[in-house]
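For this one, two forms of the same chain are given in structure tokens, first as structure 1 and then as structure 2.
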Structure 1
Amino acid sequence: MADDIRALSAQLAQDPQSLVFLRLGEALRRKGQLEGALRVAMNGLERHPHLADAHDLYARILTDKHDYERAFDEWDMAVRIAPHHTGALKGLAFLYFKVGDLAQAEAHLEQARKVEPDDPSIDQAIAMMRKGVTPPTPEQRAAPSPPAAAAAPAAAVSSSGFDEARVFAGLEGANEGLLLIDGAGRVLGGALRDGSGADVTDRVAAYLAGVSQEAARTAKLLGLGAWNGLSAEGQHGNVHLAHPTPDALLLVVRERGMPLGRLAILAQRATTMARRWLEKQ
């Protein structure tokens, strides 16, 4: 394998425009050299932004790095470029399964099966999913073993295929920058950590109910109608507060560098996930 990587690197150095970066990136990923794989994939994407395979490679690396939100974006992009890209379809199915949206997961797998009816891994994934077992991440056909990203969450999946701790599974920062609480300030899912890494989940949850009540009252008394979001830029981070249902609150916290507009999009996605999860409860 090391020889392969050396050879592929040499080829890429000789012809930076070639598509050999796809094989090199995948080889590095399989070897667990994720930072190297990421650099290769990003360089390749810069040169070939409309290549679905490049987005697919990048998404697989991001999945290995547990950055599911960006992986979703990349697979989504790959499917937009090439609607029959089975790797991306399987990838999206995997992420939908992870957030408990079995219908979407199965729909994407079915779509992949239509494109490649002879691919046994798709039937296998559908069967596993129906049994409540996490299907492996979409590997290339010759993949020798499922990566850590697929194996680890499988242990956390409850018998129903979904549990409270996984309400935001698949979203970037699900365990440190997303929080779902009920109207009484009780935590339903997610977690928050401050800059020093300390868990501030309960403390923030206690304050949020008051913020939400005040936001609702302010909007009502000023004749602005129902409030649907509160975004704030802080000195060290940005936050967005939304309410997926009338009785629940969702807080997304990100570093200062993330623009409020992007934060709002991320919050919207988390809101959709939270709403689905709440509806299932």
Structure 2
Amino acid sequence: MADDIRALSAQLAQDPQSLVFLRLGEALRRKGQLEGALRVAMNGLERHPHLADAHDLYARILTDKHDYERAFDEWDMAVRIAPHHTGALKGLAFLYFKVGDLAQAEAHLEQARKVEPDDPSIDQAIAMMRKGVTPPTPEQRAAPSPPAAAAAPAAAVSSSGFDEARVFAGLEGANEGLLLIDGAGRVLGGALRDGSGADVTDRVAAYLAGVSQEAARTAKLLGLGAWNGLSAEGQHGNVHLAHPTPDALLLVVRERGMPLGRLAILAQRATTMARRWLEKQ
């Protein structure tokens, strides 16, 4: 464990924007170094305020410190960013049980079960609550898997079991300028590099977390209906955002010379491929 913490600390020092802070914060929390874990989580949240996993990590540390009120706020924020974040749903269920609101506790567990119907710990927690037994606390639950981009290269099989290299197989420029993420900011497919060739996949994914919900709210407030896509021109390139499913977001990046119309057509093809791929998983 100590070697893991040193290695993760070195990675984070080398790249402060990296999502490796999630693994480091969890390692420190499990070792009982709560103050160190708290600093790592807070620094991570400052850089990635829209990352649901960052709020989840912070909430688990706060729960270890028995700061349940702030932990509730963090888990609530995680669910606002990613409504299907099972870790946050379980955490909220635990806190509702702590204050005696069994109806809300069970409702949140039922919502988590819809997302992960094969998770036996959810059924166990519901059964324990119905018997009046306190369900497992957040610190007794296994930590969530780190985002794929923080755990392995984008061309590898991710921690969720998705074969990321096959998402856009056969599409023009499939190996660059395409990024598919879920609502929590986890990379499902594709990869991005900056102008110098450095991998920025996980950074971009973290910033995009929650964008789909914000776009939907903005479109609703403006009376535009459901949003289908968003294109933007930049000084050095053009981008297009789309959502293949309600809980996934697709980013397509191309050089400045590609017209927005052609970019939208390419994005439409990528969206269709991503949707079909997601349905098969």
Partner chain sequence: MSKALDLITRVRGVRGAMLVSAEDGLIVAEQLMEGIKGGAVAALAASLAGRLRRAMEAAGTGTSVFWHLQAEQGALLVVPGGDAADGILVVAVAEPDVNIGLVRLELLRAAETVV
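Predicted model only: the values in this text are computed from it and were never measured. Each residue is numbered by where it sits in the sequence of structure 1, with counting from 1. Superpose the two forms; the largest set of C-alphas matching within 1.5 Å is the rigid core.
Asks: Structure 1 or structure 2: which matches the form predicted together with its partner chain?
Replies: It is structure 1; that copy is the form predicted together with its partner chain.
Asks: Please say whether, between structure 1 and structure 2, the C-alpha of residue 34 moves by 2 Å or more once the core is aligned.
Replies: No, the C-alpha moves less than 2 Å.
Asks: 2 Å or more on the CA of residue 16 between structure 1 and structure 2, with the rigid core superposed, yes or no?
Replies: Stays below the 2 Å threshold, so no.
Asks: Superposing on the rigid core, do we see a C-alpha displacement of 2 Å or more at residue 239 between structure 1 and structure 2?
Replies: Yes.
Asks: Supposing the core is put in the same place in both forms, how far has the CA of residue 248 shifted between structure 1 and structure 2, in Å?
Replies: For residue 248, the C-alpha ends up 47.8 Å from its position in the other form.
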